[in-house]
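Presented below, as structure tokens, is a lone chain in the form predicted alone.
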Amino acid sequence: MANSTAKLELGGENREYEVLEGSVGPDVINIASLYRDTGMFTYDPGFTSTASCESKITYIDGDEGTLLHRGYPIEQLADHGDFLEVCYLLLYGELPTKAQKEDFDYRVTRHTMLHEQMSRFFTGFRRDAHPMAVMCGMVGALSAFYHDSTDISDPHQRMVASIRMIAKMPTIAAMAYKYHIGQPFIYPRNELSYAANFLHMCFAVPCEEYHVNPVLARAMDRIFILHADHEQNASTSTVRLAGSSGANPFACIAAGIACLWGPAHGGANEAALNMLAEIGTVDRIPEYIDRAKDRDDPFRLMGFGHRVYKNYDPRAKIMQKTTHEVLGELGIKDDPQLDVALELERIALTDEYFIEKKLYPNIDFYSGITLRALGFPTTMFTVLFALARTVGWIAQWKEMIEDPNQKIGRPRQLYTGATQRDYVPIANR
């Protein structure tokens, strides 16, 4: 709702624009009529000062280190809930009752299998194809198999598509992994939980029984929760922009996966692990700390600081605990990369340089270590991110479709190219 106005003085004329007030967070100046009123646009590279939509799903306070899903702190959801409960919350707006949770879990579980013809699609990819390339292609192909849930004007079809994507994403991700390492596909098991089923599809083989470690399954579930949604980041904005054209939901999620693949977004945990490998041993840390502080040195510490959080990333605190649980369960003690990570963490939390610049360890710093300990290669890290973030993308897409004020996205530009000129025949150039 509007609670005040902002005044703009331009060319001797004064104009007023309403200031919209959210339930929490910064107020927003509504400049929707600015071009019509003045013939001018605003210039905001990266849209860092622009609210692109109204949303009730996720709220972040970067200064305070707060992350809320539908009002619930991420710490409470990660400690007391499971991933499918968070999925229900993001999709429907409230935590489920016991009966609603059982029904939702049942519906997701019964949609985990892929159309059998889709398994043949994998053989069309090179054996050394990056799993993200495979995943992007496979998710886009879902729209070719599930025509009965692509009518975005039908609320029932929208929900069916939502359930299907949440259910089938672990199967696609596990198949991409199995294809990548040359092992046979493992089909879903309905008696297993969401996270346990995923680990089973990734690490079981037909020639022997595989029992999912409940500690590792809980860690995997928590990783999914921590990555479920994160407000209007690059990939979520991509999904919304693609969806604003009326594209089917499977195509929109494929677009989000493509955006997430970028090293500045979903590839950050892989970059953090590569950095730990480059440093190698604890005795080399001072050298790299000095390089990080040197403005003329291109080296940057990966996994520290965040575009939004100017305080300790609340997800990082939970991920830190999860990392130690996994390493303890697996008996991993003498791990050089872990030793480097723990010492870097200590320095980041005590060194004046890091404190002054608020370069706290973020979730990517810990998740890479945990995923490697669980047995995943670095090429799978962004795939797991996409698997978890699917529910956030779907919830945001669904909210956008149901918004009566929704319009096709059309950012404007500051044009600095050539002005109008006449065509010159090629013989005269």
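If you're wondering where the values come from, they're calculated on a predicted model, not measured in any experiment. Numbers follow the displayed sequence, beginning with 1. In this text, the rigid core denotes the largest set of C-alpha atoms whose superposition between the two forms falls within 1.5 Å.
Just so you know, the form predicted in complex with a small molecule exists too; it's not on screen, but the next bit is about it.
Proximity of Ile181 to the small molecule in the model of the complex: non-hydrogen atoms within 4.5 Å are absent; the residue sits far from the partner. In the model of the complex, no heavy atom of Ala247 sits within 4.5 Å of the small molecule. Residue contact with the small molecule in the model of the complex: Asn362 places a heavy atom within 4.5 Å of it.
Taking the partner from elsewhere, Ala292 is found to have a heavy atom lying within 4.5 Å of the small molecule in the model of the complex. Ala268 is the sole member of Ile279, Leu216, Leu114, Ala268 with a non-hydrogen atom within 4.5 Å of the small molecule in the model of the complex. A single residue from the set Gly303, Pro170, Pro131, Gly243 has any heavy atom within 4.5 angstroms of the small molecule in the model of the complex; that residue is Gly303.
Partner contact region in the model of the complex: 226-234, out of 133-141, 162-170, 226-234, 84-92, criterion any non-hydrogen atom within 4.5 Å of the small molecule. The three marked residues, Lys321, Pro336 and Arg372, fail to reach the small molecule in the model of the complex, with no heavy atom of any inside 4.5 Å.
Leu330 shows a C-alpha shift below 2 Å between this form and the one not shown [criterion: core-superposed Cα displacement of 2 Å]. Once both forms are fitted on their core, the CA shift for Cys202 between this form and the one not shown remains under 2 Å. Core-superposed comparison between this form and the one not shown: the Cα of Asp148 travels less than 2 Å.
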